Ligand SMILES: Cc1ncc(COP(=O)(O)O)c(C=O)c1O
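Only one chain is included here, represented as C-alpha cells and corresponding to the form predicted alone.
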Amino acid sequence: MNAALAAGCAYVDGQYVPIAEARIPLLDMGFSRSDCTYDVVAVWQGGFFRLDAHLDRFDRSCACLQLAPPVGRDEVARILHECVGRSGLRDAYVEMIATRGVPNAGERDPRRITNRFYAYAIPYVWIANLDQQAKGLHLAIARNVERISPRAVDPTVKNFHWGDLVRGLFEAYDRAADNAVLVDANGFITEGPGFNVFACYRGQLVTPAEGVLHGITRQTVLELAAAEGITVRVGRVEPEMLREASEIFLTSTAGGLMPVTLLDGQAVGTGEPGAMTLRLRERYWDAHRGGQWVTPVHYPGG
C-alpha cells in the first residue's frame, strides 16, 4: 500500500493519485452544468457490496443521459478495484462519475463533446454514525421546499441536482432536526439528501414508489423484508402515514439502515429504534460478511 493513498485514491486522466491531489478541469460540464451521473458502492471488510447492481445502474444512468464514458463496464470495475486496492482501505466509499466533458472553445452541442470518467475511494462515509443510530435520528418533513419534479430531473438517474435537498437540509437544521425528507408537488413523501425512507404503518412496511432514486440499499431491504415474511407496499406515502408510523428508518449506501426516533419533534413509536428496523438492519450487515452480494477487493499481494 502506498502511504500517500491511505486517505483515499482517485482515478483522473488515466492516473491514480492521492485524493487530496485529485482535480477536474474547471470547464468540465459535469462541474459547470451538473451534466453528469455517478454511482456509489460500499466496500465493507474488504468486499464490495452488490457491485454488479451498482454497475448496472451506472450503465443505465449513462444511457439515459446519453453519456458514453471512455471506459467500458469491465474497465470501470477494474478501476474501482484499483482505487480501493491501492488505498488499502477495508471499509470504503467508492464513487464512479461520468461527465459530459470539456467542450472546445465556443462549443455548446453536447453531441460533439468527449465524455470523461473519474473514480475515487475514500474511507467509508456515514450519514448517521453508530452512536447516532443507537439513539435514532430526528427527521423533519420539509415545509418550505418541495422535491424537484421527475419531469424535470429523473430521480432514478443519480445526479448532482441537490439544490432542493440542501435547502431541505438547512430547514431541518433550523428546526433542530438531523435531516429532512421532501414532499413532491402533490404533497407525497419522496426522499432526502442521499437516502430513501421506509415506515412501518398499520403493520406493513411502506416506501415511496415515485419521485425517488431506486436505491440499492432500498432494493436490498425490500428483498430482505420479503425473506423475513414482512409485508411491503411500494406506493404513495402521505406525510400522515409517517406521523402515524410505529417505526421509520432511512436507507443509504452511506450508513445502511438508520433508525428515526423523532419526526418533526414528536416521538416515533416508543421513541426508540423499533424491532423491525433492528432486525432488518442486522440482516443487512450480515449480508456484507459473505455470500452472493459480496465481491472481494483485489488488494495488492492479496
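The numbering used is simple: start at 1 and walk along the sequence shown. Treat the numbers as computed from the prediction; the structure is a model and nothing was measured.
As for the form predicted in complex with this ligand, it is not shown, yet the points below apply to it.
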property: Contact of residue 218 with this ligand in the predicted bound form (heavy atom, 4.5 Å); result: yes
property: 4.5 Å heavy atom contact, residue 165 and this ligand in the predicted bound form; result: yes
property: Touches this ligand in the predicted bound form: residue 57 (any heavy atom, 4.5 Å); result: yes
property: Contact of residue 158 with this ligand in the predicted bound form (heavy atom, 4.5 Å); result: yes
property: Options 250-258, 28-36, 61-69, 266-274; stretch whose heavy atom lies within 4.5 Å of this ligand in the predicted bound form; result: 250-258
property: Contact residue in the predicted bound form, chosen from 136, 194, 101, 208 - any heavy atom within 4.5 Å of this ligand; result: 194
property: This ligand: the contacting residue among 222, 213, 230, 145 in the predicted bound form [heavy atom, 4.5 Å]; result: 213
